[in-house]
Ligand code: PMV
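One chain follows as structure tokens, the form predicted on its own.
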């Protein structure tokens, strides 16, 4: 039996970095997905076909951990492909990890809840990267737009419509573990100041959650812009991201911010339909690339069984 599974990428709406320190965040699943095909093979070793080399490490670690947990000694062939590159910062490593565990559970006929898939995937994420809150693992598993607290203490998908977002890619690949460590070093040296920033970010997230449930985009946009300013204070933004955010707001976006660890990757702008083209052109005018994605997408799911 061959199983094909997919998991979504993600965009962080609010709360990055603070979420590493036991604060909540808001994150949404995008319709760009990572696909994993799995089947049991009659060989003496596992076979991994992963065009994006970075992902093969997560697949290998997931297979090893799954076999250890469930005492399996058979071998598998895993093939991956995706709607998006790992370079754009949409969470391909988390998506491939989640999809791999889901596929393995099906080919070996082991029943796993979404929470168990999250826990297994989070273990692999920490084993490889050493740092991380797990929000990207949660969104790859549960999908939708989700309120999340560090380590999965709370995983609460929200019943909302897709958000009117424009996504601009900076052209610069971010080094997520580096920026998490950078913030950690700052936290150790000036904890009181960092705690204050994280508490402000948490306040924005809590306000944003309520506003999302009421689709109050103008006020959410203002909160996003404030969140970006706090991320600047953390030292994780760069001039290219700041310029893309500034141009988006000047072009009429309700608000904008970097999305993710910082240092590169993407910005998101919340826009009305009549401003979308203008905002997209403003981002492109300073060297940004528009990434066309929908959000509030479904979590990990089976695509095909043969």
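Being a predicted model, the structure only gives us computed values, none of them experimental. Numbering follows the first chain given and starts at 1.
This next part talks about the form predicted in complex with the named molecule, which is not shown.
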With a 4.5 Å heavy atom cut-off to the named molecule in the predicted bound form, the contacting stretch among 205-213, 131-139, 72-80, 220-228 is 131-139
Just to confirm, residue 13 within 4.5 Å of the named molecule in the predicted bound form by heavy atoms?
-> no
Touches the named molecule in the predicted bound form: residue 19 (any heavy atom, 4.5 Å) = yes
Can you check whether residue 149 is within 4.5 Å of the named molecule in the predicted bound form, heavy atom basis?
-> no
Wondering, does residue 120 line up within 4.5 Å of the named molecule in the predicted bound form on heavy atoms?
-> no
In the predicted bound form, which of the listed residues (165, 194, 155, 180) lies with a heavy atom within 4.5 Å of the named molecule?
-> 180
Quick one: from 170, 105, 176, 93, grab the residue that has a heavy atom within 4.5 Å of the named molecule in the predicted bound form.
-> 176
Out of 247-262, which residues reach within 4.5 Å of the named molecule in the predicted bound form, heavy atoms considered?
-> 260, 261
